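Before any questions on binding or motion, here is one chain by itself as structure tokens, the form predicted alone.
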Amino acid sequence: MSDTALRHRLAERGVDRQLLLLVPGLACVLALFVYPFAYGIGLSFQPASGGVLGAYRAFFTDAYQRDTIATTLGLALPAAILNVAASVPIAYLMRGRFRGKRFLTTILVVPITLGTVLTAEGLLNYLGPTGWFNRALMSIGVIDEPVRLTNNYWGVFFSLVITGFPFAFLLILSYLSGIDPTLERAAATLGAGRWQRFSRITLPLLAPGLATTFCLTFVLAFSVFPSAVLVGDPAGSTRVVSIAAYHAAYEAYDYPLGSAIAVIMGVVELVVVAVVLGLRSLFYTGSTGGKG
């Protein structure tokens, strides 16, 4: 069979030379994601003792390790909910065109450029025991001693909100820009008020975007590590799953246990994402509508 005939036969089946452009990307995914993921799963089933499931048994039978799941969920879920809830009204008000919109958007997404370490340093300088916030309250007599807002749950929570809000805001703003504004204008001509237009038109159309945004911000928050160390209590109230995995692998040198904890972390994330997406499909089955 000639080369030309072979190309024609492959083209009829939807295979052409343009598919070769996928090879570099596919190779990167296999080398940097699939192989490490599969290797980690395999390693988690090879503990030094306890059988195939020994590492998982060691994690779930140790309350100090097992409780890290609840601790991480207690940080990630509220942070993701707050970021999404705060982004909706701000993005809704900013979806139109007005003077200074670009500047205001830039201000809102600046935390993306700061990084976790710089954000933590700012929180310590502002909300720490000797920070500006406590000194200001003490100087005007509101409090007699500093309020502890860092090196505990609240320090990590504030860090997750600051770093996660820009992502939620940009995602929701993009979803809102894809909703046809003529739908609301048509409802307004029929006498619908501002709240009715938002709750009965915009919000239902935005629901798929809200679910996706929540999933992404939750995964981002659930993988918290630097904030839990820098502005939290890594040995106590903010000992999250990622810290447990790090300690197991790089302090105790128990790589199977560290891999097992990482797998458990991924499974918990998948369960939450599956529940959210399942609820989305249950309550909303239409398209996002609009221009996007």
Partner chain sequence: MRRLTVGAWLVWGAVAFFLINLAALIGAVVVNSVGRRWFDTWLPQGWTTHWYASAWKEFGLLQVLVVTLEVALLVVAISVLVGVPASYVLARRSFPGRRLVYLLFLLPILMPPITYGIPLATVLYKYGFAGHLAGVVLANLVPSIPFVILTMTPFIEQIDQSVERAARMCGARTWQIFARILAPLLVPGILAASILVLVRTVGMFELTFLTAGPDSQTLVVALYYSMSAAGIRAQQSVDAMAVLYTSSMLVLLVAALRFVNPTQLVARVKDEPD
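Just so you know, these numbers come straight off a predicted model, no measurement behind them. Residue numbers count along the first chain shown, from 1.
The form predicted together with the partner chain exists for this protein as well; it is not shown, and the discussion that follows is about that form.
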Heavy atom within 4.5 Å of the partner chain in the predicted complex: which of 70, 48, 235, 32?
32
Do all of 171, 226 and 242 end up near the partner chain in the predicted complex, with near meaning a heavy atom within 4.5 Å?
yes
Closest heavy atom of residue 56 to the partner chain in the predicted complex, within 4.5 Å or not?
no
The partner chain contact at residue 79 in the predicted complex, heavy atom, 4.5 Å:
no
Is residue 167 a contact residue for the partner chain in the predicted complex, using a 4.5 Å heavy atom cut-off?
yes
4.5 angstroms heavy atom contact with the partner chain in the predicted complex for residue 180:
no
Taking only heavy atoms into account, state which residues of 126 to 152 are within 4.5 Å of the partner chain in the predicted complex, ordered by sequence.
126, 130, 132, 133, 135, 136, 139
